[in-house]
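Single chain ahead, by itself, as structure tokens, in the form predicted on its own.
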């Protein structure tokens, strides 16, 4: 087993002890699904464009899970490692600090996939959710949303001077996107003033893109969403490289 594999396995064990991340990535989306599914059901409606409410919830909650791992779990762990001088200590070992970042990305990606898989299974068994997706387009959209949220997380981790500042920045970015992007509460029931605010949040474009292709739409129908997500990803990666501190 390579050094990176050992490191990733160790980080995965630590992730399994992170009750807060596991709750918001695995349990919280299911609670939301069951709560609102019980309220609205999944019967097709003109109000929801001919789809069931749960059919629209699943891709939105998928974005919610990605935001939890990318903006909350990833940066807080990396910032804590830097503050505790763990990254600095690893410089004196065969394990390079960059491998720690890669391991964190892998571990949080695994957590994300586990949360989405659990969500899909419950949605299918309980509400007979429709899977209308074009698999390649949906996979591409998912990976782009994942890259965008994880790059934002790395930017937070790189720019925050300590764990406390990283927590504050993560909360400041995460909670507005959670409640105003359509990831938890659909935008079509919100007032126009809130929708205007939502249009400045990157996750809003992720929800629109993933929901659109999830329900059978084509990628080229969401050019604006693709450009925004790609632009935020590139900018966040550039800022992460420029300002990231190992110690």
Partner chain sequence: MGIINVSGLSKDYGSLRAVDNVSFAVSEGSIFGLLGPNGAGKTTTMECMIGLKKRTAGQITVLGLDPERHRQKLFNDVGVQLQETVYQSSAKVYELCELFASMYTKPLDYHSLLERFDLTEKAKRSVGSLSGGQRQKLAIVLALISNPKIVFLDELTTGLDPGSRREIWSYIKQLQNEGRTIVMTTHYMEEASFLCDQICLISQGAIVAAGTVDEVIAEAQIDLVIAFETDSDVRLLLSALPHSGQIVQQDSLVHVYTHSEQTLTDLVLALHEAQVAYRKITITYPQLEEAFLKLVNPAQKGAVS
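Positions refer to the first chain, counted from 1. Since this is a predicted model, take the numbers as computed values, not measurements.
There is another form of this protein, the form predicted together with its partner chain, and it is not shown here; the text below is about that form.
Asker: Closest heavy atom of residue 93 to its partner chain in the model of the complex, within 4.5 Å or not?
Answerer: Yes, residue 93 is a contact residue.
Asker: Answer for residue 14 alone: is it within 4.5 Å of its partner chain in the model of the complex, judged on heavy atom distances?
Answerer: Because a heavy atom of residue 14 falls inside 4.5 Å of its partner chain in the model of the complex, the answer is yes.
Asker: Is there a non-hydrogen atom of residue 86 within 4.5 angstroms of a non-hydrogen atom of its partner chain in the model of the complex?
Answerer: Because a heavy atom of residue 86 falls inside 4.5 Å of its partner chain in the model of the complex, the answer is yes.
Asker: Taking its partner chain as it sits in the model of the complex, is residue 81 near enough to touch it, meaning that at least one heavy atom pair lies within 4.5 angstroms?
Answerer: Output for residue 81 is yes: heavy atoms within 4.5 Å of its partner chain.
Asker: Could you tell me which of 234-242, 21-29, 6-14, 219-227 sits within 4.5 Å of its partner chain in the model of the complex, going by non-hydrogen atoms?
Answerer: Only one stretch passes the 4.5 Å heavy-atom test: 6-14.
Asker: At 4.5 Å, heavy atom to heavy atom, what parts of 232-247 sit next to its partner chain in the model of the complex? List them in sequence order, or say none.
Answerer: Contacts from 232-247: just 247.
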